[in-house]
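Given next, in structure tokens, is a single chain: the form predicted alone.
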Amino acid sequence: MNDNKYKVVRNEMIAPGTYLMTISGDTSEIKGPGQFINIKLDGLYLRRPMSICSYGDDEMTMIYKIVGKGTKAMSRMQPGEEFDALSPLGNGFMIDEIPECAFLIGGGAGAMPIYTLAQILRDAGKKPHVIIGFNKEKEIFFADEFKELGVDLTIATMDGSSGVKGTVVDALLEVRETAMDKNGLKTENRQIYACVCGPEPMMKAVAEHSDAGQYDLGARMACGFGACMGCTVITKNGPKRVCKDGPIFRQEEIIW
């Protein structure tokens, strides 16, 4: 973890109330999808944790939804503006544990870390099936980017205006057998392994239909590096700090 300075390269609305921000700065210590940065904003006491959507040489991208003062302030930032951020934080997804056929599931802005995870699994020769959920068609973002990766993609909308009508769980139940058939999985290997990021009720619902997986337990945070204990959750292995021990937790650890 380092306290780095970043410069805004791009900051624009990609769906109603949802923004994409690209920043330049040190990305050398980012280990993988699921990690986050903790941004310091002028006039606000607490930093704002933001998941990393994608990253490369000296640049990273975040997708965020306006939900309060911090994200509202971020939406007004212009290219060239600078800010401090603790980066990178958290553990990230445990790539080696993800099987060849896994379901990568994101709800709304929860699709952020799923994008790079899909890219890494694809490059490793695996065949992930991505499911992303939104309330309605006009809220959809990054569908083209996922398609460009060449991974299978299913979209769910609550009002049925695009893709499967209903939740990401409805989509999972609809496509799971087809996805497993396509990947040639034998009957004894047809377990649902899910990597999930999104609202807690959504993740809990996915867990009820999954045999195993990894979940991004994003939480309200203060320090972001484990000192204040403010984001502690109780797991089957005892108290854990979301910012330090997570934010990615195995399904078998979680008490919903």
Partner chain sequence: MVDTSVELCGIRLDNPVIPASGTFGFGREFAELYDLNLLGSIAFKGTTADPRNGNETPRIADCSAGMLNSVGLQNPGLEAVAAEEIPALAEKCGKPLIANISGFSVEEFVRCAEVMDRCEPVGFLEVNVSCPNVHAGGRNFGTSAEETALITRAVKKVTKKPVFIKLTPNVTDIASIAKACEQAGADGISLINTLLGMRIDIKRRKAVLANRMGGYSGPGIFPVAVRCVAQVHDAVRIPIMGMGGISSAEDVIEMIMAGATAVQIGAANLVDPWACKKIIEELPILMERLGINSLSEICGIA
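None of the values given here were measured: they were computed from a predicted structure. Numbering follows the first chain given and starts at 1.
The next section is about a form of this same protein that is not shown, the form predicted together with its partner chain.
Among residues of the shown chain, I234 is one whose heavy atoms approach its partner chain to within 4.5 Å in the predicted complex.
Looking at G230, you'd find a heavy atom of it within 4.5 angstroms of its partner chain in the predicted complex. For L86, a non-hydrogen atom is located within 4.5 Å of its partner chain in the predicted complex, even though that partner is not displayed. Interface residue remark: G226 is counted as part of the site for its partner chain in the predicted complex, having a heavy atom within 4.5 Å.
None of 217-225, 191-199, 54-62, 204-212 except one has non-hydrogen atoms within 4.5 angstroms of its partner chain in the predicted complex; the exception is 217-225. Taking a 4.5 Å heavy atom cutoff to its partner chain in the predicted complex, the contacting residues in 20-55 are K40, L44, Y45, L46, R47, R48.
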